[in-house]
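The chain that follows stands alone, in the form predicted on its own, written as structure tokens.
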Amino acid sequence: MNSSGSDDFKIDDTVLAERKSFLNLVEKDERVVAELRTAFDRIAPQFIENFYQHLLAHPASAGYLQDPKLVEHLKQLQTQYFEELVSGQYDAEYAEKRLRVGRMHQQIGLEPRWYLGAYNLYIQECFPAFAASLASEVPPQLLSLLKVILLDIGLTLETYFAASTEHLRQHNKELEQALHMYFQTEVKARQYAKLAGHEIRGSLNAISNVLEEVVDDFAGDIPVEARDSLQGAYDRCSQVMHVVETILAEPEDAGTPQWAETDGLLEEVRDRMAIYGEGRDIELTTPHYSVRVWADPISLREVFANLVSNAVHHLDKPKGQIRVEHQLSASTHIFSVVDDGPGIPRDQQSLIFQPFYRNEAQPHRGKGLGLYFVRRIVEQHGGQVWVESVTGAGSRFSFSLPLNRLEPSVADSKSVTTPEANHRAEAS
């Protein structure tokens, strides 16, 4: 699974050259640093052991190192990391590797202060060894000064990141409030739609009756093309009528979790396919059995409808296929909507569930809220939602729901945005 928008952060050759120039890091520096590689190779095994013993001795860093196999793997990576530090090769590939380390630290929640602390260990142990290899000595005062410098950098970055985090938290809070108001407006609009639905139903009935009478009474006098068009208009009226009837038939306790059967909900989604597809040849297959889940049936239907319509709108083939699948895990139902469309680039997969996000390269233009509401609804039901996709090979949107009845207080308290551990695959 992709981590966040930080994956988009890159440093090209021009930017890297500017940074090196500001640091006055020139080719001569790269050459002389590379001369330290032999000294590092000699001390690396013992240094890495000391390095991890120190990390394991502190609860804050030891918490990341519970698995012995992980520690051994990290030792190898750490050795390679410091080897590259004295390689003398500081190009775009080197920069990308360092950015990748930063992304990984961000994913696991490792704060910059621990990273700087680890660098302090490197300086304090390796610099004297480097100096000895050059028949020289590092004055202890300079090593002490380096400790103070790293402490100073850490404190400065701490305030910077704290302020940035607070700003982002406040922005997200305001956005959540705005979206909540929007969601409530949508609910009220739906209530008004039910009132208007009675008028719409009457009008559709009248139009359908006229179309039917025209086709029946004047079939012999109407050209075949015109008769087919009238029949198509009649069929479309019938389809829209069914959707209106579904809205009007929604129970007064809509929004209340209850035991619901998925077959009826998916059948309602199937009835909408003609509207979603606008005449395109799209096949929708659903499980041949019904699944009984604890959920608000109206909201769950809209989750399925949003995922199916999203797949329809982005299909790039004359004839498309969409499948709704169901699996059971130890504690959850897992539903998936699978399509054979264009797929989603990796750099966008972490963004599509964010509000107002739209792929400008796609012809479909929506509000960018459909998948966001899917996530909100699923999380309110105590579940999670995620996507697996390969460009050119289609997408699999999945969500989970608890097997057992979930009390509202528990569901409301959950705010999970990462998929289940067993479903983190980046491609189906």
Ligand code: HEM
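The model shown is predicted, which means the values in this text are computed figures rather than measured ones. Don't overthink the numbering: it's just position in the shown sequence, from 1.
As for the form predicted in complex with this ligand, it is not shown, yet the points below apply to it.
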This ligand: the contacting residue among Thr391, Ser61, Gln380, Asn50 in the predicted complex [heavy atom, 4.5 Å]:
Ser61
Answer with one of Arg201, Arg323, Arg346, His105: the residue that has a non-hydrogen atom within 4.5 Å of this ligand in the predicted complex.
His105
Options 369-377, 32-40, 383-391, 50-58; stretch whose heavy atom lies within 4.5 Å of this ligand in the predicted complex
50-58
Can Val26 be called a contact residue for this ligand in the predicted complex at 4.5 Å between heavy atoms?
no
Heavy atom of Met181 within 4.5 Å of this ligand in the predicted complex
no
Report whether the minimum heavy atom distance between Ala233 and this ligand in the predicted complex is within 4.5 Å.
no
Report whether the minimum heavy atom distance between Ala219 and this ligand in the predicted complex is within 4.5 Å.
no
Is every one of Gln78, Leu110 and Tyr115 in contact with this ligand in the predicted complex, taking contact as a heavy atom within 4.5 Å?
yes
For the heavy atom contacts within 4.5 Å of this ligand in the predicted complex, list the residues of 62-76 involved, in sequence order.
Tyr64, Leu65, Leu70, Leu74
